Ligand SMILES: Cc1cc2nc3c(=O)[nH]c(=O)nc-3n(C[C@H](O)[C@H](O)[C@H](O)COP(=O)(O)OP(=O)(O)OC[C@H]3O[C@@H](n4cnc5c(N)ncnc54)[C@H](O)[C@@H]3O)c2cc1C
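Just one chain is shown here, as structure tokens, and it is the form predicted on its own.
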Amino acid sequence: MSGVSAHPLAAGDDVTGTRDVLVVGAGPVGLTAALALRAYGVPVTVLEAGPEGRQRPGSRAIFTHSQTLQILDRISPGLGAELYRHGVYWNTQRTFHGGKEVYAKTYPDPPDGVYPHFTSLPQVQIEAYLHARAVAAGVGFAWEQEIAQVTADDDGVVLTTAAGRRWDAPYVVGADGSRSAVRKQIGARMEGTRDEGWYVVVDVAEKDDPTLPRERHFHYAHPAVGGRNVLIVPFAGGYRVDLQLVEGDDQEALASDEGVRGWLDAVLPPGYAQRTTWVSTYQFLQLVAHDFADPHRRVLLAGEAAHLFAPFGARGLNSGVPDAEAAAIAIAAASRASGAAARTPVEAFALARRSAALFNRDAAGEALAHLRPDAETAARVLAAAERAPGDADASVWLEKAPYGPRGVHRADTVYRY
């Protein structure tokens, strides 16, 4: 955003004459927004609907890009490095088609002091590190604060909880997830598509004597599960396994304890199917809010409150973190302006981050077109698999296409992932 310094102020340089900015949601995006606000000298309180110490099951958002680690370091020095140290980086990626390896590459370890392309650890651990940093930075927390009503005008925002408590704020960041009450209250519409296909996703704990390599494997048409696609991804403490269902599959049966054991035994070495710690299902979503701020430009949306993407490509957390930083920058700038000028940074935030979300939505759409192909695309995949790995172009295309375009565009402090 033009005219906004990319360097945070000291945490003690609070904006004068303001009440606390409120962040709704204590997930990774909300915690990032709170940390960024403190880095820019803005007093902030996080409101979370759940109880203190809540433990949400599952690994959830595991894949943290290097650009995301850099943002976290910028708002809380050393935080990105802390996540990297506790996460997993795998050097080897393999892609198979019908059991035949069509792509394999092993990357060198990054040099000392240089982040790898990513680190992988469960979301609950990411949240724990972010929360500790937020507390140390002076962020306030209020738990069991389910938001029921949001009222905004040109002077600020009033939040009312389900229990009737009132919270007043000059600005609010809505980071309350896919079912965002804040988004609904400000009238932001989700636009896009929801694919009819389903995936079953499973967390499997690592064994004391690992027999599964710490590598990322993607299988087109895995022969052991009737030609369904399978993705296997390591994270700190275990592996995530995604099974793509096909037309006619019984989703509930394949996600049941017995169903999961059956297909996991077919795609993993012996002993892992008995180490399942979490099972869930999801669809490919390509949804973006029609506006990332309320009409008065006092409420800003970030993360899944603003957009929903499929897990393939790791676009959720890695777009939510730059959303959060950009929201904090906008609020810091708006807090130092007056009158109509205070709207300008929020307008810029809403336009830039929505543009980034549309980029991700379209990228997810390209990935979906590859994973649920029409007849023409299916024929291209089969032809490429027959030529690979000897044909390098075909091999790389088979590797890259399931995740969609990976380009990153930078514009001042705004990122697209």
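Because the structure is predicted, anything quoted here is derived from the model rather than measured. Counting begins at 1, following the sequence as shown.
Keep in mind the form predicted together with the named molecule is missing from the figure; the text below concerns it.
Stretch 24-32 is the contacting one of 362-370, 24-32, 346-354, 377-385, since its residues have non-hydrogen atoms within 4.5 Å of the named molecule in the model of the complex.
Judged against the named molecule in the model of the complex with a 4.5 angstroms heavy atom cut-off, the residues Arg60, Asp176 and Gly316 are in contact without exception. Ile147 is the sole member of Val299, Val288, Val102, Ile147 with a non-hydrogen atom within 4.5 Å of the named molecule in the model of the complex. Val201 is the sole member of Val88, Leu254, Val201, Leu79 with a non-hydrogen atom within 4.5 Å of the named molecule in the model of the complex.
Contact between Leu358 and the named molecule in the model of the complex is not found at the 4.5 Å heavy atom cutoff. For His97, no non-hydrogen atom is located within 4.5 Å of the named molecule in the model of the complex, even though that partner is not displayed.
Though the partner is left out of this view, Leu47 does reach within 4.5 Å of the named molecule in the model of the complex, counting heavy atoms only. Among residues of the shown chain, Asp294 is not one whose heavy atoms approach the named molecule to within 4.5 Å in the model of the complex. Interface residues of 269-300, taken as those with a heavy atom within 4.5 Å of the named molecule in the model of the complex (partner not displayed): Trp278, Tyr282, in sequence order.
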